[in-house]
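Quick setup: one chain, the form predicted alone, written in structure tokens, and binding and motion questions come after.
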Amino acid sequence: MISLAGKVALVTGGSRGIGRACALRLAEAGADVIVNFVTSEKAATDVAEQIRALGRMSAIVKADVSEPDDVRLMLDFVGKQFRQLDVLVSNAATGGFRSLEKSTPNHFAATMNANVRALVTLMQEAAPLLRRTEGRAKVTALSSHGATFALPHYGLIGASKAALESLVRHLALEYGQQGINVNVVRAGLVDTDSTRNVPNAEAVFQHAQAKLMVGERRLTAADVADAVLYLSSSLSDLVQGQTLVVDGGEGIHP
């Protein structure tokens, strides 16, 4: 059984969907967890209460990860209140579902700032705490099939996820010798508040389900969280700069 006892984790976008599942899974493994949110304060509070019910410490922090000042203040809070940070899960993302033809420069900037630049800022601000981790600190970013597939209404998000996966490799190169592992979990289609807004969502979900090669199982946020837990543990000490695909085999055939 994986134990994160004595560890402190920060999950961005941790109030809902995959972020929520990650926050709870890390807490179940023994970590104290800080839950970041932007608008969903009640949902973040609910997650924190569930974490405390497990006997762990928790706090919620409102911060827009696309804003460097917000990230700096969030990490200042973590340092002052928890005095350590061992696990960082970069999950918060945005972009909206629209064609590239209808995308504006503001749409492009907002997507790249939240989905790509945010990880750079998080690493810059979190590194002093991560370097003090006993053992190796673990950073995991969340990606999606849009990084490699062309999907309808997904151009900006997909491009940002491809950039994110490349960025993680370069961050691993820079921070790997400083006691920090940086990796990616690329998730298949998971039913969340966000993906329910995909155009023709029901048809998209049915198509994805038909491509799975794991019997009748559906891919869930908990499955993705299990992969994040592995990458957050000492079992992954020799996994560096990699993209771990969790999709039930969906991505290996048409």
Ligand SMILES: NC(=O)c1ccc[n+]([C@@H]2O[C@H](COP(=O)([O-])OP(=O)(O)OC[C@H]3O[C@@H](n4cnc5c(N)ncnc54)[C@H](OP(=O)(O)O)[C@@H]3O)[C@@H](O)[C@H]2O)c1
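So that there is no doubt, residue numbering starts at 1 and follows the sequence shown. What you are looking at is a predicted structure, and each value in this text was computed from that prediction instead of being measured.
Another form exists, predicted in complex with the ligand; not displayed. Remarks below refer to it.
For the options L130, L142, V78, V139, the one in contact with the ligand in the predicted bound form, meaning a heavy atom within 4.5 Å, is L142. Of the candidates A187, A225, A27, A48, A187 is the one whose heavy atoms come within 4.5 Å of the ligand in the predicted bound form; the others do not.
Exactly one of the stretches 51-59, 29-37, 225-233, 207-215 approaches the ligand in the predicted bound form with heavy atoms within 4.5 Å, and it is 29-37. Taking non-hydrogen atoms only, G241 never approaches the ligand to within 4.5 angstroms in the predicted bound form. Mapping the unseen interface onto this chain, A92 counts among the residues with a heavy atom inside 4.5 Å of the ligand in the predicted bound form.
Shown alone here, D69 lies farther than 4.5 Å from the ligand in the predicted bound form, counting heavy atoms only.
Contact between D193 and the ligand in the predicted bound form is found at the 4.5 Å heavy atom cutoff.
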